[in-house]
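Single chain ahead, written as structure tokens, the form predicted on its own.
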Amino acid sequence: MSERFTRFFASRWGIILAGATIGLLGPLLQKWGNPANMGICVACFERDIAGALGLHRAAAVQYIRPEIIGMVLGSTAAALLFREFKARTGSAPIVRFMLGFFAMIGALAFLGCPWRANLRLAGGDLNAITGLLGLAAGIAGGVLFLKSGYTLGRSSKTYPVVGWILPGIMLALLLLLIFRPQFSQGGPIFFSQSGPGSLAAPLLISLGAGLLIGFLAQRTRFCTMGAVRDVILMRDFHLLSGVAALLVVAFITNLALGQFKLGFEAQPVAHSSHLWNFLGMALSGLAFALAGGCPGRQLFLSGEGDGDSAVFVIGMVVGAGFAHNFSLAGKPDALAEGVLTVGGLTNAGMAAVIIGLAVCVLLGLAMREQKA
């Protein structure tokens, strides 16, 4: 029976099922209470967790998102059930931390991860197009480095406890979410009273959605970055079929729920500064390619015992804290009395994206195997 399931999940229909599930649950979670066009966003939700822990003090984006917890624990459950939980580490962890850090800087410049870019487009937000083009450009740049010998080296087997650290952190976050302790007056744990962080589907529904996605994605190796990389490197469309299923199912679901709004202006938690949408996601795409996976894939790998992916995840959370503490994140467009104010990045945010691109290019050039 397990072999039959393994073959199915490895097939084209398996990856389509994973993508369609994400495409269905994203709009449904929005309907059930999550922010508009943000039913699921790994970057945004990790940013909210950083805020809840007090790593930044942007009051509008502070909440321990159960979806992230569920994704890691769902992956852990799948890895244990199919005997794929393997504790491993040692593949340039500090570099992975920096890649996670700058991946988050780029994602918050755009205001979303690759999943949210597709969900935004499926909801009618045409600003997502420039973000997706930037993502593809960044991944293409990463592929060039891969072809020239770039590598982070091999990870190696390590003590089992190492593989359990991030799943353990997720269990601790779940307890903090359930019991909501107050560690000091005016201190964490923080929960937004307004803004995107205050909008959330019921806990059990969000957690269940995350568990299901984590389980399916671990089995199918769902990865948005990998989808583009495989098309460029090998003309392999297997993973891309899952991303296409996400986009199509999300589009149909948004239409059915009355959540589709076509246009560029005044889209929810988005800005129409097209250059920085493109460059922000180009930075993220390059960082994802150099790290070997999109933010969702990094969560799923960490759930199956990969300590290096766990370091990337922690780098993203820390990056979120820096992005908001130093005003590096994008500011959404605002519509008041019929007048549109275009958002975008501060000068500091623009500089951070450029610095991030330079750092990633430097890493791509420096970490290449020398041919004998």
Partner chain sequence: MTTKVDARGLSCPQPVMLAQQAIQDGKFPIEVLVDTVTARENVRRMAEYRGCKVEIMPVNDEFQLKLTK
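Residue numbers count along the first chain shown, from 1. Keep in mind it's a predicted model, so treat the numbers as computed, not measured.
Below, we refer to the form predicted in complex with its partner chain, which is not included among the displayed structures.
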| query | finding |
| --- | --- |
| Close approach of residue 97 to its partner chain in the model of the complex, 4.5 Å, heavy atom | no |
| Exercise: residue 275 in contact with its partner chain in the model of the complex, heavy atom 4.5 Å | no |
| Contact label in the model of the complex: residue 229 to its partner chain, heavy atom within 4.5 Å | yes |
| Its partner chain contact at residue 4 in the model of the complex, heavy atom, 4.5 Å | no |
| Stretch in contact, per heavy atom within 4.5 angstroms of its partner chain in the model of the complex, of 160-168, 85-93, 261-269, 123-131 | 85-93 |
| Contact residue in the model of the complex, from 256, 172, 234, 204 (heavy atom within 4.5 Å of its partner chain) | 234 |
| Residue among 146, 244, 212, 137 with a heavy atom within 4.5 Å of its partner chain in the model of the complex | 146 |
| Within 4.5 Å of its partner chain in the model of the complex, all of 10, 150 and 292 (non-hydrogen atom) | yes |
